[in-house]
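In the form predicted alone, a lone chain appears below as structure tokens.
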């Protein structure tokens, strides 16, 4: 089955998923950046958290693989660069690396991502992040798989995310030379600012993009129908079943 990439559009992301940066602020606190430090924002998206780091007095570079998101970050006068997280080119440049809601999209080779982060940090540098963890959006994923399989496709093969357990990701970090100081799963049911249809448009193209365009609206409605009893309240407000994996790791000094 041919892989379908997510089309990242900054305006759509800001409308349907602006909560991502706001809920990522605890990761900034976990990194505990100090004024003057050199920080890499891995998977910076539209630069909302990158800007927060700059406001704290850090010297920050943001990298992301999505051109429209990088353009939005640059429009905020940030140093944002187009770069694949699997192939970071930095060498001993940073005191800290921050990543929020991005690592689960870098599923091709998580070990390569962690190794690139380790190369980018100075000795004693720290790596703080939050990503989807085991069980993240489990109901949504199940519904998407079911809708694809009802149309004769391999729904499991369409899953574009890497949602590890703490034990799995600890092994990835330790394999890159990090000492893990903290790693945990956090259940975080998240009210959506618009609705689940907007969430699907923003994040689920790898599923629905496998279908002929004329059938996608009907498939999306089937997903909403399956999920409405569990994720939508009687007032029509949708909540996504997020489970996050949050961690802090450090290189030896």
Ligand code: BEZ
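Since we're looking at a predicted model, the values are computed, not measured. Numbering follows the first chain given and starts at 1.
What comes next is about the form predicted in complex with the named molecule, which does not appear here.
*Asks:* Please tell me whether any heavy atom belonging to residue 72 falls inside 4.5 Å of a heavy atom of the named molecule, as the geometry stands in the predicted bound form.
*Replies:* Result no; residue 72 lies far from the named molecule in the predicted bound form.
*Asks:* Is it the case that residue 16, even though its partner is missing from this view, gets within 4.5 Å of the named molecule in the predicted bound form, heavy atoms only?
*Replies:* It does not: once the named molecule is placed as it appears in the predicted bound form, residue 16 has no heavy atom within 4.5 Å of it.
*Asks:* Give a yes or no for residue 126: in the predicted bound form, does one of its heavy atoms lie within 4.5 Å of a heavy atom belonging to the named molecule?
*Replies:* Residue 126: no contact with the named molecule in the predicted bound form.
*Asks:* Does residue 163 reach the named molecule in the predicted bound form, with heavy atoms at most 4.5 Å apart?
*Replies:* So residue 163 counts as contacting the named molecule.
*Asks:* Heavy atoms, 4.5 Å, the named molecule in the predicted bound form: which of 169 to 177, 84 to 92, 111 to 119, 155 to 163 makes the cut? Say which one.
*Replies:* Correct option: 155 to 163.
*Asks:* Exactly one of 106, 148, 101, 78 has a non-hydrogen atom within 4.5 Å of the named molecule in the predicted bound form; which residue is it?
*Replies:* Checked against the cut-off, the match is 101.
*Asks:* Would you mind checking 224 to 253 for residues with a heavy atom within 4.5 Å of the named molecule in the predicted bound form?
*Replies:* Counting only heavy atoms within 4.5 Å of the named molecule in the predicted bound form, the contacting residues of 224 to 253 are 242, 244.
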